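Read the single chain below, which is given as structure tokens and is the form predicted alone.
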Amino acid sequence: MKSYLREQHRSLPAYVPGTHDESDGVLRLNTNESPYRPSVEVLEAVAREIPRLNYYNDPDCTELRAAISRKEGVELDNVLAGNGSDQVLQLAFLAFAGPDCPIYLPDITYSYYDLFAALYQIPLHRIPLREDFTLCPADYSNAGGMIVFPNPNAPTGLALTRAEVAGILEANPDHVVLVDEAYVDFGGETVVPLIETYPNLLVVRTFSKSGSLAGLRLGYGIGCKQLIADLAKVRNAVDLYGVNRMAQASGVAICENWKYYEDNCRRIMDTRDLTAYALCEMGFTVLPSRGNFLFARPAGISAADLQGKLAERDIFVRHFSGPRTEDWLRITIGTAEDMAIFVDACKDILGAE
């Protein structure tokens, strides 16, 4: 059958999501979702919007942006909302990079960046992480293009301090530095306070992880007013009504009831640390994560084999087959009960080897 796809898009890389299975008894420790349901206030907010679905949503997301600005301690014009943080990332790639403006990013990072870059024909310069998977800020001095990295990084879970990020911003005044803070609520240090000092800083956030809203798609960007205005100009040309009214109402409810989500984050961090300890006791090497996941190298069994044996028990974790990551697994943190099941399964598998 004839393909009408333009030649430049035929070689787009494929993003491979984690195995999606919502069956009873399945442990989804492979998609970095929250194990905790949205708050009652979010469910009520969604219900209130259902009878209004015949009306267009507010394209400027004014109420949502106001709620985010209060939560983050910034002004309304410092915030842009998006259909998931992936949309904000995509808009930023389109707005601030291009064939003549490359992107500099870690060699081990969120793989969706590759897809956006390929879509817009943006050259990528991959800067290797250190041997211990940490990011060296000096490697990004005078980079000569847009800089993109998650902080904490994924899949490693390691994070830079605010001062280290400030050094990268200082060394690249002529290009946008995008800091993806998808996991910052699990122990990272946000760089939002730097937006007025550094007009080239764009911070991207999501409600999918700490906000328990992965299934509704809501994210946002924070930056100086001019940067956000420029990003909004591109957004309005691409997807004016992209943030639906249920997502907007949910985001407001999350911001206004943030303590519930803070408590969930603390529970996840406590469970993460207990799981890391248990894995280390079994001989795993575990990086000190600041995300809602662990990056761990098993002992006595290959990462691929352990992933397969866990899958046989309906426990799903992520394995990345790259040369520097093939020995490691990324393990999402579920409830304490979920992680006890996971740890016991690992003990059983390793004991049988």
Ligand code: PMP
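Values in this document were obtained by computation on a predicted structure and should not be read as measured data. Heads up: residue numbers just count along the shown sequence, starting at 1.
Just so it is clear, the following notes concern the form predicted together with the ligand, a form of the same protein that is not shown.
*Asks:* Identify, from the list 258, 133, 140, 110, the residue with a heavy atom within 4.5 Å of the ligand in the model of the complex.
*Replies:* By the 4.5 Å criterion, the partner-contacting residue is 110.
*Asks:* State the residue from 89, 176, 74, 165 whose non-hydrogen atoms include one within 4.5 Å of the ligand in the model of the complex.
*Replies:* Of the listed residues, the single hit is 89.
*Asks:* Look at the stretches 261 to 269, 203 to 211, 243 to 251, 166 to 174 and give the one with heavy atoms within 4.5 Å of the ligand in the model of the complex.
*Replies:* This holds for exactly one stretch, 203 to 211.
*Asks:* Within a 4.5 Å heavy atom cut-off, is residue 183 in contact with the ligand in the model of the complex?
*Replies:* So residue 183 counts as contacting the ligand.
*Asks:* Residue 85 versus the ligand, in the model of the complex: is there a non-hydrogen atom within 4.5 Å?
*Replies:* Contact check for residue 85: yes, within 4.5 Å of the ligand in the model of the complex.
*Asks:* Mark residue 188 yes when one of its heavy atoms lies within 4.5 Å of a heavy atom of the ligand in the model of the complex, and no otherwise.
*Replies:* No, residue 188 sits far enough from the ligand in the model of the complex that none of its heavy atoms falls within 4.5 Å.
*Asks:* Would you please decide whether residue 154 lies within 4.5 angstroms of the ligand in the model of the complex, comparing each non-hydrogen atom pair?
*Replies:* Because a heavy atom of residue 154 falls inside 4.5 Å of the ligand in the model of the complex, the answer is yes.
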